[in-house]
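Below you'll find only one chain, the form predicted on its own, shown as structure tokens.
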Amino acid sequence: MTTEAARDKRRRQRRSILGKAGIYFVLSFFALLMVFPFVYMAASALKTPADTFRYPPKVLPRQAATVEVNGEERPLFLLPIDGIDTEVVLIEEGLEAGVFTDPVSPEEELAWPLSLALPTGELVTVDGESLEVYAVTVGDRSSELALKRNTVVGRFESTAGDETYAVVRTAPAAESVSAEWQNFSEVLQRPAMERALSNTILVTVLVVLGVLFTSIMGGYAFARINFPFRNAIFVTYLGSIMIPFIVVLVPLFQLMVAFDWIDHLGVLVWPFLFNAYGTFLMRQFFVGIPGELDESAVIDGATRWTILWRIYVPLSWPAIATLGTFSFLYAWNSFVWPLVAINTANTESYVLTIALRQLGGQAVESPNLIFAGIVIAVVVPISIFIAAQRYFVENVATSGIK
């Protein structure tokens, strides 16, 4: 290989590496951008009410640090001592002090006790105002500063015995990262919330199992059983997907009233046991399974019921997992229908979405509890999705194989 060819190869390699690095950077940036709201939500669920109203906001939950002094818990403050921010505790307050400024740099101010400042008898003009000059002792140094106004300060002391002074009202509090895990238990202890969680789990499990059963049965019938008007019935059934749910909301409500199912958990289950999309998904998957398997099973004496559950279902786990996950997310996050079908006074039949709506009105002053409720509602679907993710990948990978 010539020198020119070797240089050209290295250039191509560098371009390839830079191109891949750029792609990874862009993908990572947008991934973090998408994940950040969820991270902030989860962190806010562990904050105190005051911490959630902090400005500017901080991602991690924090609370004021304290120290025990003479058997009493006292807050810690973060003040500079010899140019280093140090954790200090308030020892004494109400000391007469003054706000001093350097005539050369008037934007810098220092609140310091008058007992540590001696008047020099001189005057200096700062911003067009004539001010007295004091010899102010800070530590081992003494500086000539101008007195702008009088104030009151507190005396602070570090664990090493170093002292400093500052206005107590504006002194920054020392903070530590601390999670308020009791927020979750407090949310679950609220009226109707714990019952709503158990109701949601029950309704979701029943809907998922019902949808899987009816979709598998219907998908197999449309895929493998020849009966009159099969294709016409399938197309008509499939066309129901195009009808928005809001269109059938009132007729469905009237039908449930006729059955006397309103205001019971059954009204959240029975209308959703049949799913046209699920039937379509299973039918398309079953069509892709070779028909020779049916013929071989029939020769061996298997019935259609045995063929379905012993052959087709084990081969269809990717489609079943996909349908189960979609059905789970729909049932778990359902809001409009429970809001219509369940009376707001009937807290015994609440589901999680309705309970969270009620919590949003009750805990306006405690947004950390609202975030905790949202985390409780979100963590289960996310866990289900992560657990079933490999089936999605398998479904996509096998969809192109003939």
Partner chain sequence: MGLPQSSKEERLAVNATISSPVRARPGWLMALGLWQLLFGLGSGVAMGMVASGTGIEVIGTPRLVLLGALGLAALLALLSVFDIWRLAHRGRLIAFVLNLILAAVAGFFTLQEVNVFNGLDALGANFGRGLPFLAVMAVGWLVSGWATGVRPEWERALLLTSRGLMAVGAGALLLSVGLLPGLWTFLTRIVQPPAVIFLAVAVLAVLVLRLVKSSQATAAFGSTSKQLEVIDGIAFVSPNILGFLAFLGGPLVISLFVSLTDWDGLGEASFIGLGNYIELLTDPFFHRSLLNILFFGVVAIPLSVIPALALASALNMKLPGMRVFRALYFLPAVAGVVGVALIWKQLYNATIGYINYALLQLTEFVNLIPGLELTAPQPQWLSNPSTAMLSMVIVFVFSTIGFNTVLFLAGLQGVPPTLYEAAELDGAGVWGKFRNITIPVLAPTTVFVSITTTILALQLFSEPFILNAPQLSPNGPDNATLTPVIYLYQNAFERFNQGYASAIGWVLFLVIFAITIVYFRTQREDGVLTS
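Here, rigid core means the biggest group of C-alpha atoms that superpose within 1.5 Å across both forms. As the structure is a computational prediction, the values presented were derived from the model and not from experiment. Positions refer to the first chain, counted from 1.
Although it is not shown, the form predicted together with the partner chain is what the next lines describe.
The partner chain is not shown here, but in the predicted complex it comes within 4.5 Å of a heavy atom of L356. In the predicted complex, the partner chain sits beyond 4.5 Å of every heavy atom of L18. Contact check for G218: a non-hydrogen atom falls within 4.5 Å of the partner chain in the predicted complex. Contact annotation: P103 falls outside 4.5 Å of the partner chain in the predicted complex, judged by heavy atom distances. Every member of the trio L202, D260 and W270 reaches the partner chain in the predicted complex with some non-hydrogen atom inside 4.5 Å. The contact with the partner chain in the predicted complex, taken as any heavy atom within 4.5 Å, belongs to I243 out of V177, I243, I299, A232. Residue in contact with the partner chain in the predicted complex (any heavy atom within 4.5 Å), chosen from V313, L252, V89, V138: L252. Comparing 184-192, 233-241, 128-136, 113-121 against the partner chain in the predicted complex, the single stretch with non-hydrogen atoms within 4.5 angstroms of it is 233-241. Residues of 324-355 placing a heavy atom within 4.5 Å of the partner chain in the predicted complex, in sequence order: F326, L329, N333, F335, V336, L339, V340, S349, T353. Core-superposed comparison between this form and the one not shown: the CA of G301 exceeds or equals a 2 Å shift.
In the core-superposed comparison between this form and the one not shown, the C-alpha atom of V379 has shifted by less than 2 angstroms.
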